[in-house]
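Next up: a single chain in structure tokens, the form predicted alone.
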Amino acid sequence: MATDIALRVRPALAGFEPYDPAFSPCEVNLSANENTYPLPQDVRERIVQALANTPLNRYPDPLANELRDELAAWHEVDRSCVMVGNGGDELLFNLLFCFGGPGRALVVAPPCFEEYKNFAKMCETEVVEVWRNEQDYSLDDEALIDAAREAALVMLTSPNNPTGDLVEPALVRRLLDETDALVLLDEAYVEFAPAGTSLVSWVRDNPRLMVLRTLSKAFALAGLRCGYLIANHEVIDVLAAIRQIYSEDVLAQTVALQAVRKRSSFEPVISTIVKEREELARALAELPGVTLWPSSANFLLARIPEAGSIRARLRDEHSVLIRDFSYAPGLSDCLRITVGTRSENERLIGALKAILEVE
């Protein structure tokens, strides 16, 4: 018997579809901005030992306080200024659930992480888009300031996904000084940026600034789903009151704690990825018809004529998967390429040369 389920869905949620990263089985996956290197051996050993001693018959600490303490010590803030989430996505949604809603607006600067907009719509929050420059993807500072004056929230990514560029600290300063909006700086990829890029130290003196971080990228734990927010304790208190209980399970807390304690072991891998990014950029720039933008993340944005077709041929003929953004507004003929290992990057370049018929 037919049902009327679609008519029963809340109007704000009508039309949403399941998230689809367009993954296909392949030998080389450079599509998801993951750290494709294995965990450092000493980190892996610590994790295995800790997991073996983790009981599964008890509920986890709802707020992951031991992990919060470690993160707080790292970033030199009080535990009350740290919230752990089931990936950064949970924290983004909860921020909009708390501080968005009917009659309130979120300001974003596309092209950027599409989930900001999706989560805002789910929370019935108006989205104000201040588009980046079509040529170099730079931000329009004045337009952002003007939009933020009437907004509840501003969300900016630094480095930005998918363009790879950084938000200037001067713009963040102006948003804090000249508007009343809550300002989120999403630093999911900041470990790959130059030293001193992060603005997490600003949180102590700026109660409307929030910084989002994750273990999915630099820490090679995308499958774990663990992110965290550094913010004023009043923001954290509100999030703690509405979050889903036990959203960060006991195994995730255990693994994340060991990774954070052994974070120095990831530094050689991060340095290698940064070097490989520059090598990959040089190789891509030498290919005919390729336009490339500078990146401070672990990926590159490249414009290649007939990008959608090239992406398909890479997948079907060479078993190499990258992300196609050519369908997205402002990103015509653009592909996003994760920086992989040396062998993965070389395989990509070899495949592109074959497709483009480069000697």
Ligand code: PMP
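This is a predicted model, so every value here is computed, not measured. All residue numbers are counted from 1 along the displayed sequence.
The protein also exists as the form predicted together with the ligand; that form is not presented, and the subsequent description refers to it.
*Asks:* Let me test this: is every residue among D89, A188 and K217 within 4.5 Å of the ligand in the model of the complex, going by heavy atom positions?
*Replies:* Yes, because D89, A188 and K217 each have a heavy atom that approaches the ligand to within 4.5 Å in the model of the complex.
*Asks:* Looking at 190-198, 97-105, 154-162, 282-290, which one sits within 4.5 Å of the ligand in the model of the complex if you count heavy atoms only?
*Replies:* Of the options given, it is 154-162.
*Asks:* R225 near the ligand in the model of the complex, any heavy atom under 4.5 Å?
*Replies:* Flag for R225 set to yes.
*Asks:* With a 4.5 Å heavy atom cut-off, would you call Y116 a contact of the ligand in the model of the complex?
*Replies:* Y116 belongs to the contact set for the ligand.
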